[in-house]
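For reference, the chain that follows is the form predicted alone, supplied as structure tokens.
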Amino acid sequence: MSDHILVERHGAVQVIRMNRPDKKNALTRAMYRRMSQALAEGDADPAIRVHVFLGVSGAFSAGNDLNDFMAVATGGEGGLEAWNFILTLARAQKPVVSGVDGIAVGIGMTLNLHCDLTFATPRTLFRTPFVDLGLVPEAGSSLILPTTLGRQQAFALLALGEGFSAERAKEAGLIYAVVEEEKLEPAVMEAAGQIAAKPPEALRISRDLMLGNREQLLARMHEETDLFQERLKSDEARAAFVAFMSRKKA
């Protein structure tokens, strides 16, 4: 399981790579746990100045592993690994850069809302099908997206479940740049290296000023999480998970 999240250090840059290509990087509880650990360790290490998130070719992440959702929907325990991860990410003390190629669904999309720079390839599609699964938005997306996009574009993404292409996401201010597949990781690592070379204290202060008071965001994340946990046990969610699993097996 540990090889589903690869953590490498390149000078002052820590790379956290989701590496479960056979499942399109669907995230399990163990994967969330390892990513949280890597973020915490990187934040605590003065030698690390930037975090980088990457996926595999064609798949940044298909979102949460639906088997874990199904377990909760049918009376099992869900754990707090996903919640702990997004909380750790939202509280990250060092800049976060992401490189997205292909599928970016659910947490595979909302993760990037907490990044300081996101690069994506032309074939990337950002989707948040929470409502389609009988769920609600998470990771603070119900606060961040209306603020960034305006209410109607946010509704299209979060409630209608409409996909946003990389170009549309860039035009909307959700991501920094669109680059070709073969240039994605070099562009991400070059930007991370430039950030890592900045005076760290000036960078920290500047980033904190741009982020502003995070208490409102954290309060919304708590609210979303409580509702999300309730919805996981709802009849609507259970029916949506069963229908999804049936389509996969067909």
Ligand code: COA
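Fair warning: this is a prediction, and the values are worked out from it, not measured in the lab. So that there is no doubt, residue numbering starts at 1 and follows the sequence shown.
Only in words, not in the display: the form predicted in complex with ligand COA, which the text now covers.
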Is it the case that E224, even though its partner is missing from this view, gets within 4.5 Å of ligand COA in the model of the complex, heavy atoms only?
no
Within 4.5 Å, heavy atoms only: does H10 come near ligand COA in the model of the complex?
no
Contact test in the model of the complex: K233 vs ligand COA, heavy atoms, 4.5 Å:
no
Residue contact check: G106 to ligand COA in the model of the complex, 4.5 Å heavy atom:
yes
One stretch from 211-219, 66-74, 44-52, 187-195 that, in the model of the complex, holds residues within 4.5 Å of ligand COA by heavy atom
66-74
Non-hydrogen atom within 4.5 angstroms of ligand COA in the model of the complex for each of V97, Y176 and R207
no
Of 21-60, which residues get within 4.5 Å of ligand COA in the model of the complex if you count heavy atoms?
D22, K23, K24, A26
